[in-house]
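Next comes just one chain, in C-alpha cells: the form predicted alone.
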C-alpha cells in the first residue's frame, strides 16, 4: 500500500470510522453489486456490537446474514436475498421464521424500486416515480408502495419513498491522499447510496498519490465522504476488479456453517469477534490464507 503524506483528515483506520460514524439505531446501507461488497466494514460493525440497525441493501448476502445472526439488525429493507449461486441465507431465515436471535422486520421492494429510491434520496426528493409495480402484487404486501397519476398524461405510476440512510458504507479500489475515491468495474448503486446518505465510510484497497482515473470513471470527491479507510482485501470473499477474484469456495463453505446456530456462533466468535481487523481475519481463516497474497 502506497500512502505517502496523508493530506485529508477523512483518511483514518476502519475501527475509528465505525466508532465515530455508526450508531445504534442507525439506518445503514452497505452496498456493492457482485463485487466491492464491504465485508470488512460489516465485520467491524459486528465487533463493535452495534444494535437495532435498519439495514438497506438491494442484494443482502453473506455479510447481512452474519450481521442478522449476530443480532445487529432490527429491520431489513431489500429486494433479493440469498447466498449467490449456493442457496438460502440461513441466519436470515432463522430470524424471520423462528425469531433467532430475535425477530426482524422486513420491507421487500424491487431492484428498480430501490435503485430509483437511492436516486431520489441523492437528489433530495421525497419519493421516486416508476412503472414497475403497476402489474405486480407486491404493493398488496408493502404499504409504502403507492400509486399516482401522471399530471401530464394521466398514466398510472408507482411512487416509492426515497432512501436516505443515516450512513452508507461501500468498498472501492483506491483513494488519493486528498480522500477522493475511484470505483471501477461493475457499479450497482454505490454512488447513489453515498450521495443519499448523511454520513459515509469508504474502505479502499490502497491509498495512492494519484488516482490516474480513466475516462468516465466513477469518482467520489472527498467532500461527500465522512471517512476513507485503507483496508486491503476489504471486500473478500467478494471480489475487487483489478485486485482479486471472488472466493467461490468460501460462499460454498458458508452454507453448512450458517445452517446450524452453534456452528455459526462458534465461527463468528473465532474469526470475527476473535480478530482485531481484516488482516488478522484473513490470516486466521483457512480459505482466505490459500487465496490472498501478502
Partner chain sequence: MFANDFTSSEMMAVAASRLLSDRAVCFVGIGLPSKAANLARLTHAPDVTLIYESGPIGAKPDTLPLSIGDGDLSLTADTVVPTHEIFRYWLQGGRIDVGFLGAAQIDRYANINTTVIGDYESPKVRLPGAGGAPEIAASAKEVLIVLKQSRAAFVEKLDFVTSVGHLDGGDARINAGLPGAGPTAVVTDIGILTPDPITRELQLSSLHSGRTLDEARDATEWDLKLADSIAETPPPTEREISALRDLERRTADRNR
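Positions refer to the first chain, counted from 1. Here the structure is a predicted model, which means the values were calculated and not measured.
Quick note: we don't show the form predicted together with its partner chain, though the next part is all about it.
Three-residue site 108, 116 and 192 fully in contact with its partner chain in the predicted bound form at 4.5 Å by heavy atom: Yes.
How about residue 208 - does it come within 4.5 Å of its partner chain in the predicted bound form, if we only consider non-hydrogen atoms? Taking the distances in the predicted bound form, the answer for residue 208 is no, it never comes within 4.5 Å of its partner chain.
Taking heavy atoms and a 4.5 Å cut-off, does residue 161 contact its partner chain in the predicted bound form? Residue 161: no, not in contact with its partner chain in the predicted bound form.
With the partner left out here, check for me: in the predicted bound form, does some heavy atom of residue 233 sit within 4.5 Å of its partner chain? It does not: once its partner chain is placed as it appears in the predicted bound form, residue 233 has no heavy atom within 4.5 Å of it.
Answer yes if any heavy atom of residue 112 is within 4.5 Å of a heavy atom of its partner chain in the predicted bound form; otherwise answer no. Yes, residue 112 is a contact residue.
Out of 197-205, 146-154, 81-89, 175-183, where are the residues with a heavy atom within 4.5 Å of its partner chain in the predicted bound form? Within 4.5 Å of the partner lies stretch 81-89.
Residue (of 265, 52, 48, 252) lying close to its partner chain in the predicted bound form, criterion heavy atoms within 4.5 Å: The residue from 265, 52, 48, 252 that makes the contact is 252.
Under the 4.5 Å heavy atom criterion, name the residues of 135-163 that approach its partner chain in the predicted bound form, in sequence order. Stretch hits, in order: 135, 136, 137, 138, 141.
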